[in-house]
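Below, in structure tokens: the form predicted on its own, a single chain.
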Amino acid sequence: MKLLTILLACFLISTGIYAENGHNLWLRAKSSVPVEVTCAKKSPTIDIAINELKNGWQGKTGQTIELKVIKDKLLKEDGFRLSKDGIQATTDAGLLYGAYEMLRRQYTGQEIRNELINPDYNLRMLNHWDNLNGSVERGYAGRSIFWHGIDSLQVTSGDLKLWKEYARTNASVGINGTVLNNVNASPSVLTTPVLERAKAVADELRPYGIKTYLAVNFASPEVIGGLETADPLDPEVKAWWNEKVKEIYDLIPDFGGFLVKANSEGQPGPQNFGRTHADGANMMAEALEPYNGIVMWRAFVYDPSDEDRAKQAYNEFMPLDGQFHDNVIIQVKNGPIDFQPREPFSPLFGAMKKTTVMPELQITMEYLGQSVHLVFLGTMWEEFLKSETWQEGAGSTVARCTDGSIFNQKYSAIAGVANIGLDDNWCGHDFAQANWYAFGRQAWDHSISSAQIAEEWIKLTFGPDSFNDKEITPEIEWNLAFVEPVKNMMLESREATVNYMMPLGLHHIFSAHAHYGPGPWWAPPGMRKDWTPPYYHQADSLGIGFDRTAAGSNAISQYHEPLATQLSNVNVCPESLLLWFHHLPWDYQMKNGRSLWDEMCYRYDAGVKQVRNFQQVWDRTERFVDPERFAAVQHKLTEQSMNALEWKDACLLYFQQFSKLPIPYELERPMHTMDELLKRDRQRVRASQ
């Protein structure tokens, strides 16, 4: 069998036939035409830019393109001026980003014109939740690309090749920073052998304009330093961090800084010693400041208390506004709970006016079907970034409150929790690649539409060279029969997922099985209430939803006026967030005239139908897609369709026990019973233990 495999591989190589496994992402090789690229300056980064243009040029044959480093006060760091004849930038990295922009426009049919293009955020980074043993927390695409185990720190040629491919992919969408390890950080990450491997990664990323960062454990001075305390005000602790930071910069001169999860979900932090988050963050910031390093301090902090979990990060950090050093950035999840399919934006955005705040988005789909469901997150992030905070009047969107255009701050930053692993296609699902792409594009330009991003990704990722049917006329049939329907499917996919999982503002009603599958009933004895779904849906005989008005937890008061009043008024609160902010009776009348119960039934049913339609859309694309990727996506959609039906049946049958109302007869009857669903859930939980 092994001999046959080798012979088959040799045949495929000799004939030039390769299976399309998605490894090349949106950077699939294309035939190019000759181009002359010149630049007076030389550097590894500029060499990459020149080679990319030469290897991928789709423009006029024999054209001369000039790359030039200039002084220009209108250009931000990493920004560039684009024209038909060249690229100008103030940095080498700016020239590289300009090269990728020029090629992207050629590949997608967009116009190349004289234009100044600046990034909206100057720090655009991925957070990898990779552990040193090679596992990935909330990773659904295989093991870590950086770590293989504490006893496997030697760097191989395969590592170097993979890291270079990773760096190129990030640079192509403007990502310029990477946190190499999990926010639930092992203290061992700061030991010398691990730092030397981090140096090897940094050396591969540097030519592509990418800085390396590390997540660190606050108790490191005790655990690996031998000190008796990690108190941030203790002189010995400060000295230990100063020495450790110096060691890091001796290895990695352009090291970016630290990401810290402290006093959250059991992680140690300054509060262990009676100190504040500001005390802890500022101590690290002082150690990093001589090297222009930064501290990204996560605001994902909550306690097992009777206080509404949605309020706790705001209550924890707002009193500290103005107490952080200017190289400290507070990293805030997009919503106040935890990367739910739909959340309102966290009220910390815009409220902290004296402290730099950066959004944290989750690219890996922990709560959205992981690597099984097709969910394009560009629409979700567009909704979030364009949300109006009203902190400085109309136009104070989340994006403008964090990009430096409203508040005077030294840095502007945005982070995405990566969905990358050792799977051949990097992301576990071919369409999950679109979310990596979308994050980079929106981090660079938060005004870009998710529709444009989806169309770009489709045209870059698929194309005439992958057609099964070679008789297709690409410019006519491809756009009408492939690009448009697939784009529409992507743009609808997040709303479809909300419909079949948690419509109308329902949230966090997942099974105990790794946040996958429905579990609105899950509440084992002794479990923290805020870790159980009933805490969030509050279903009873009177109705459903979490009352966050003044009559309830009053979480609404953390939002600025007039938004707070709007959310408080059940008649004007967006129906998409209705049950996030209100506990309403089952017979509450919706704007379309249906009762709340009937509307829930229709939303769940609509989600199932939407996914079934996705299956039909994809089935009709077979002649436009290589067999490998077509079959892989088809298989995933089949599983997603079955999951959507399970979500619908589980939630409606469970909530029906409280509503005592019938499912409208024009809708499809449940295919499962409650007993079947509970048994399946118990089996999943046992299998995950």
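Sequential numbering from 1, following the sequence displayed. Since the model is a prediction, treat every value here as computed from it, not as a measurement.
Although not depicted, the form predicted in complex with another copy of the chain is the subject of the following passage.
Contact between N408 and another copy of the chain in the model of the complex at 4.5 Å, heavy atoms? N408: no contact with another copy of the chain in the model of the complex.
So, R669 and another copy of the chain: in the model of the complex, are they within 4.5 Å at any heavy atom pair? Residue-level check for R669: yes, a contact with another copy of the chain.
Could you tell me if E36 has a non-hydrogen atom within 4.5 Å of another copy of the chain in the model of the complex? No.
Verify the contact flag for T638: yes if a non-hydrogen atom of it lies within 4.5 Å of a non-hydrogen atom of another copy of the chain in the model of the complex, no if not. Taking the distances in the model of the complex, the answer for T638 is yes, it comes within 4.5 Å of another copy of the chain.
Among the candidates Q154, T192, S447, Q616, the residue which, in the model of the complex, approaches another copy of the chain to within 4.5 Å (heavy atoms): For this set of options, the contacting one is Q616.
Taking 4.5 Å between heavy atoms as the contact cutoff, choose which of K246, R612, K164, K84 touches another copy of the chain in the model of the complex. Partner contact (heavy atom, 4.5 Å) among the options: R612.
Contact test, all of E622, L645 and Y665, partner another copy of the chain in the model of the complex, heavy atom 4.5 Å: Result yes, every residue of the spot touches another copy of the chain.
To test your reading of this chain, name the stretch in 62-70, 46-54, 25-33, 630-638 whose heavy atoms come within 4.5 Å of another copy of the chain in the model of the complex. Of the stretches listed, the one contacting the partner is 630-638.
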